[in-house]
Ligand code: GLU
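Single chain ahead, by itself, as structure tokens, in the form predicted alone.
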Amino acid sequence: MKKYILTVVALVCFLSGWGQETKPRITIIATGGTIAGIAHTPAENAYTPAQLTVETLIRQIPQITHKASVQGLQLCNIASQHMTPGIWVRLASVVDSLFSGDHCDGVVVTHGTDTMEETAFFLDLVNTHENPVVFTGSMRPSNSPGADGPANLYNAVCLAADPAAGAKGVLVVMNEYIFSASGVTKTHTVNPQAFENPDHGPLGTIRGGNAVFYHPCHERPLPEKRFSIAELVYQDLPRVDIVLSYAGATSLLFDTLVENGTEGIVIAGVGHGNYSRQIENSAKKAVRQGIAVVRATRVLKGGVSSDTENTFEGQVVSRSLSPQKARILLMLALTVFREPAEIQHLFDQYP
């Protein structure tokens, strides 16, 4: 941790030399992913992610110098299926340092698309600054015909430089659409039009760097509770796991997680968050043991409200959050709260 803090301090000192720029100052924080990937040959679908550096990504969009003063930071260079909560905390710490020291006006994070929605939502929950933060990536590697990375990155930088993007929480830009971090999810494995907000749609569009936000009713209020990134740096996040429900599901995985020290379980239920009798019995037992249980759904639309089948005291419902995002909110909630009613209040902010 000491080495990491020194790295952040060195970064801040480096960025402090930008001088008096009239253009918005944008820091691109690169983490890897397909946008930094290289196909084995331009004609092949197979590729190796996380190969290009942030400097190379910036060189691919020379036009951006007309819109912003851009600097790059390589936080890591991994495929996003290897993303970890530890890297989330490091990312949030860097973003906090940049904004607290007034070293940039906005941040863009390049990220693999597999877990982009999770990292973006975590940062949305811990970031206390109103400066724009925008995530982007690509569905095609950098040397693929029709690579979408450069256009996505250009639009993301332009959005981060736009004052209209401030105070809207963390945003995600993909294929000319702007999404909230809480609502966006990946809905296609390979197509460039891979991201949607199934319940509420996008917040707006951005073409050629020009953003248009839809009617304000499409925007969500920022959560009441912000979690302290300064405290999270010095502790491990509580372990929370996800159990999938399906026809014939047993409680074996649920019980195994309880026996091996999980602090919370999110059930990705069928329909309105439903699950088998075996899982129900284990969930009730886990709640009595002080383990947090959140009822979510594997269905893309509708979420889980409190008027579910077979409700029982102590179980939390996910509201509009997907299982993977419910897990993140529960991880953070358990750093502060243990009572189900207090945890439910946090989820109720995502109707």
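Throughout, we count residues from 1 along the sequence that is shown. In this text, all values refer to a predicted model and were calculated from it rather than measured experimentally.
This protein has a second form, the form predicted together with the named molecule, left out of what is shown; the following refers to that one.
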Among 270, 249, 147, 79, just one has a heavy atom within 4.5 Å of the named molecule in the model of the complex, namely 79
Considering non-hydrogen atoms and a 4.5 Å limit, which listed residue (90, 186, 103, 200) is close to the named molecule in the model of the complex?
186
In the model of the complex, does residue 182 have a heavy atom within 4.5 Å of the named molecule?
no
Is the gap between residue 119 and the named molecule in the model of the complex 4.5 Å or less for some heavy atom pair?
no
Verify the contact flag for residue 245: yes if a non-hydrogen atom of it lies within 4.5 Å of a non-hydrogen atom of the named molecule in the model of the complex, no if not.
no
With a 4.5 Å heavy atom cut-off, would you call residue 139 a contact of the named molecule in the model of the complex?
yes
Looking at 62-70, 292-300, 310-318, 33-41, which lies within 4.5 angstroms of the named molecule in the model of the complex, counting heavy atoms?
33-41
In the model of the complex, residues of 112-133 near the named molecule [heavy atom within 4.5 Å]:
112, 113, 114
